[in-house]
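Take a look at this one chain, the form predicted on its own, written out in structure tokens.
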């Protein structure tokens, strides 16, 4: 009996470690596959539907629009309903607009931390920049068909308002198909990207 106790202790310690190591290896394998699949994407155009689920409202707040991306750092996020609004980014600067505000207003990411945060997130999703995401989130593999990742923020400041993200990719792992943003307190936003068109020329005027 005196030899069995250390054996059980070893099993209790090392079996979970082996399982975690296997999970980590599977995650890295999947991430490597995503990098390969997304590497050839130079442009992306997609419809999107955004659903805001707020505890203070019984009804879901729904908006629709269009998203455009061109490597390395051009994007356009354009809501078309229920109101026209959005922004475009070309490098470190861009413009934002709202149908009730008149002419588009230029901005510089270096001077607007809020816009910089939004732009960085959208660019990371569009480029499938997994290294950038791994620096800022703990990644867990939720599923493989399709590939779905759970992202928990590393930074204390982000944890104050963000609980976690769920990011699902298209069947071939080439681009993000949906994002769920879960906030502390239970509210969450679901963004679905539909009718994606890859590697087709985009009008330079979009950016």
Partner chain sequence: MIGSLFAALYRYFAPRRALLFALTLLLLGGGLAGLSQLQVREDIEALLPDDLSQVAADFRRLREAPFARKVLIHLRGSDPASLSDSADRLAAALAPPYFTRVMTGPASLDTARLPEWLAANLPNLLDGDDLNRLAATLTPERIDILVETAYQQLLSPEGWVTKGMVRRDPLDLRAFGLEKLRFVNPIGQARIDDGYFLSADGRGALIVADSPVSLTDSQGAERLLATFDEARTVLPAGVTATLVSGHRHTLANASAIKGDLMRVLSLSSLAVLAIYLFFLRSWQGVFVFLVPSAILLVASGVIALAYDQVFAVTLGFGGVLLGIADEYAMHIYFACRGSGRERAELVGEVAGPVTGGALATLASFAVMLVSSLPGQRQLAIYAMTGIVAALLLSLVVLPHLVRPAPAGGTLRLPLFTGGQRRPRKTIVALWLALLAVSALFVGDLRFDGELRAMSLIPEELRRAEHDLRQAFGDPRGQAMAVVEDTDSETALARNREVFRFLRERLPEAAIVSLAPLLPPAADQRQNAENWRAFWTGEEGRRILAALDAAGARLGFSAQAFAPFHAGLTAPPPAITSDSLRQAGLGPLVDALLVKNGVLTLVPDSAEARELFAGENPARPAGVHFVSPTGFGTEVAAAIQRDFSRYLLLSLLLVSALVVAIFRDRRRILLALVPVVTGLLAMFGIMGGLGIPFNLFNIVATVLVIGLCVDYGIFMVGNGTGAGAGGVDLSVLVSGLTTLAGFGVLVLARHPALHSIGVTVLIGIGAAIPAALLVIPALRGERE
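Being a predicted model, the structure only gives us computed values, none of them experimental. Numbering follows the first chain given and starts at 1.
One more form of this protein should be noted, the form predicted together with its partner chain, which is absent from this view; the next part is about it.
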Task: Non-hydrogen atom contact residue 108 with its partner chain in the model of the complex at 4.5 angstroms - done: yes
Open item on the list: Is residue 183 near its partner chain? Define near as a heavy atom within 4.5 Å, in the model of the complex.
Closed with: yes
Task: Non-hydrogen atom contact residue 35 with its partner chain in the model of the complex at 4.5 angstroms - done: no
Task: Heavy atom of residue 96 within 4.5 Å of its partner chain in the model of the complex - done: yes
Task: Contact residue in the model of the complex, from 148, 43, 178, 63 (heavy atom within 4.5 Å of its partner chain) - done: 63
- [ ] Give, in sequence order, every residue of 113 to 134 that has a heavy atom within 4.5 Å of its partner chain in the model of the complex, or say none if there are no such residues.
- [x] 113, 114, 115, 116, 117, 118, 122, 125
